[in-house]
Ligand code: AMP
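Encoded as structure tokens, the following chain is the form predicted on its own, with no partner shown.
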Amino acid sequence: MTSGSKTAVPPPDMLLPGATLGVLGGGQLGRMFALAARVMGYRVVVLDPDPHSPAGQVADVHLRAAYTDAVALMRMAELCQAVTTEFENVPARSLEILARRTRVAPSPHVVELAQDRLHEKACAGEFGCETAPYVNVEDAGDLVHAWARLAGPGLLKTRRLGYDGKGQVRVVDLDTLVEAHAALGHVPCLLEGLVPIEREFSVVLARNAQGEIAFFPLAENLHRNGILDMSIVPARLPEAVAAEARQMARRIAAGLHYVGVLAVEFFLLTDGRIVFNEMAPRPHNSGHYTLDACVTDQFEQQVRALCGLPLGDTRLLTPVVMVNLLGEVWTQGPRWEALLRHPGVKLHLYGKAEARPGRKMGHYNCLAPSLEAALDLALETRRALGIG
């Protein structure tokens, strides 16, 4: 070492490879987080009650217990220097218990906020985002008032636990609203007005505790039966729209002092307005294209944000279309040769033992020199797999 040179000393709040990271949740998002963390040299502890969970299969330690199990939470806090979550419906109380003993990101407060559609939409409004018109429905006594306020067709959505098209029913009059509320179990709901949508898209970003924010390229999302079918990247949006959406997402992330990967879903309306739909305090299905098409993928970015590291480069290396693989593909047996004969197709399976209709079993990314070629490849391979 030459005279006067210094050894770089990492900040005290930076967790370096060799540390142990925890994840609450054992699904595919936890699996991909665990794989990214282990590639980077971290140990991983997963807490999930399923002994065959996809994330548990690749973890160093799998705590097979309920998310509310006090002994398991204490063990996780002892083992882990930092803990994150792979889905927003983990009990916020469990995150609060962990946060008293170790680093937790995103914060229990933000996760709890995202668990309730009413609070989530109110939060978006506070940060200057327009939403579709909505009315709170606490119980059956609110239905007549809610329908009078909305005065038109809409979607009745449960305030909690709805995802992938579940927990929502389209209504066209007061009678169907009453029936829908009963079908949803008379739980608190939002009645949300329909808006004229031209495109659906998402902004996936990461923010670390130092306030650094990095955006991934926007994804244009196509759904079938309420479940994401394909994500097209780069999204076919005017740059002015993309820039405005990034600013909206930035305000939300900064305003919440968010740490981690955050996905914010938007609608572009036919009149050019941008409307907030919902947010997910975690990596997102629409960000899976980053695994093959970006310098840094969303799961490595999640590790970086959790550990207080500088965020990675999010440049798009190639146009890409991500295609979801649902359980229906397994009905006749997947024809993997129809995918793997294409050199631009990258297959990702989640290690789930049982295929069920509507269940996300994997995805694949179609890479090509142009967006048109990537989309053609996605459509060709979908047909070959029997995806309608």
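Quick caveat: nothing in here was measured; it's all calculated off a predicted structure. Don't overthink the numbering: it's just position in the shown sequence, from 1.
Omitted from view is the form predicted in complex with the named molecule, to which the following refers.
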*Taking 4.5 angstroms as the cut-off for heavy atoms, does residue 223 touch the named molecule in the model of the complex?*
yes
_in the model of the complex, residue 308 touching the named molecule (heavy atom, 4.5 Å)_ = no
*Any chance residue 300 has a heavy atom within 4.5 Å of the named molecule in the model of the complex?*
no
*Is residue 193 one of the residues lying within 4.5 Å of the named molecule in the model of the complex, judged by heavy atom distances?*
yes
*With the partner removed from view, which of 233 to 241, 260 to 268, 178 to 186, 290 to 298 is the stretch that lies within 4.5 Å of the named molecule in the model of the complex, judged by heavy atom distances?*
260 to 268
*Could you check which residue among 318, 107, 168, 102 gets a heavy atom within 4.5 Å of the named molecule in the model of the complex?*
168
*Would you mind picking the one in 197, 144, 161, 254 that has a heavy atom within 4.5 Å of the named molecule in the model of the complex?*
197
*For the three residues 132, 157 and 277, verify that every one has a non-hydrogen atom within 4.5 Å of the named molecule in the model of the complex; reply yes or no.*
yes
